[in-house]
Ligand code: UGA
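Next up: just one chain, as structure tokens, the form predicted alone.
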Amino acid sequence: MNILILGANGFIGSNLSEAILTKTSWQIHAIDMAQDKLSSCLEHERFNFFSGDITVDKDWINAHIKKCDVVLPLVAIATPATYVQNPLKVFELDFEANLEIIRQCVKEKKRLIFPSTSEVYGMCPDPIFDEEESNLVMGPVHKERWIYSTSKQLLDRVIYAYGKHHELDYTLFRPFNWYGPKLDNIFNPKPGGSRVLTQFIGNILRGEDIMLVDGGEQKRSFMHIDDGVDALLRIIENKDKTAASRIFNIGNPTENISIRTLAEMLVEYIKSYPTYAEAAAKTKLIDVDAKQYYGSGYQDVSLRVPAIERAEKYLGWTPKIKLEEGLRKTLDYYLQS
């Protein structure tokens, strides 16, 4: 099987590429603008990498959609600060660029595995989010943080329509706060410039206090990338076609903790690394207003818990890595490598 991965140097793409090369006999054709997370893949005989931009190198994209069996467009901006600071950039890449790729998959009759997001549920009041039953509830237009989730949601609807009316072979997956090695650059000092876990690790290592937006009372269900990659490998292989035309939440509902608790855990765990123990001991947790931290266009939700019964039933998948184990594996990667 030939797999096309667009955005292979990203968090999901790099971890998935490593797993495919280790656990399968599939060929990977990959594109990204950088390759720093792919050092273990670049010399592999089944990994064919092209350094390029999906918005520019469209001939390469189209040629490889034709030659591959499965297409995974993983290119997206997924940092909340950017949703507020540069919403049009988010729309142009996350929606417009990916729409062209989706249409090419329809034209070439290729299988599409597309990353939706837990953010499409928005401010849904359900205690647990169901892929087929939960309403997708967004805030007002002036809350620009919703441009990411609405861009993704509209693509979900477009993909569903292409599947129903034009026989597009697709699977949508919705990651819920995946974390692990290669997530972000922990040395990026820009507030909100990375996702919450790597932001906090970086704060501690740089000797900064951790800013908890609105006190960090929001809860999220965190899941280690290895569990996510396991689900993706099952979706890609899918010999019995049970993943076809389905949406899957891929998350760990049992690891639902507050952002404040996550910060407290990281401070305590990093104290066990001698090089960084002193910095961790000095770290303070500071409450900050969301408007002060992100700007006036931000709006948050208190809870995101996935229903995963469909993934369990149709993929035979369930998350296995507990949060403590996953956090320690992640810290070992960042602090011992």
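None of the values given here were measured: they were computed from a predicted structure. Don't overthink the numbering: it's just position in the shown sequence, from 1.
Just so you know, the form predicted in complex with the named molecule exists too; it's not on screen, but the next bit is about it.
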> So which of 266, 247, 138, 259 reaches within 4.5 angstroms of the named molecule in the predicted complex, heavy atom to heavy atom?
Replying inline: 259
> Of the residues 196, 232, 75, 159, which one places a heavy atom within 4.5 Å of the named molecule in the predicted complex?
Replying inline: 196
> Do heavy atoms from each of 80, 300 and 304 fall within 4.5 Å of the named molecule in the predicted complex?
Replying inline: yes
> Just one of 207-215, 124-132, 103-111, 233-241 has heavy atoms within 4.5 Å of the named molecule in the predicted complex; which?
Replying inline: 207-215
>> Test of understanding: in the predicted complex, would residue 151 fall inside 4.5 Å of the named molecule by heavy atoms?
In response: no
>> Is it the case that residue 85, even though its partner is missing from this view, gets within 4.5 Å of the named molecule in the predicted complex, heavy atoms only?
In response: no
> residue 118: heavy atom within 4.5 Å of the named molecule in the predicted complex?
Replying inline: yes
>> Can you tell me whether residue 224 touches the named molecule? I mean in the predicted complex, with a 4.5 angstroms heavy atom cut-off.
In response: no
>> Residue by residue through 156-183, which ones have a non-hydrogen atom no more than 4.5 angstroms from the named molecule in the predicted complex?
In response: 175, 176, 177, 178
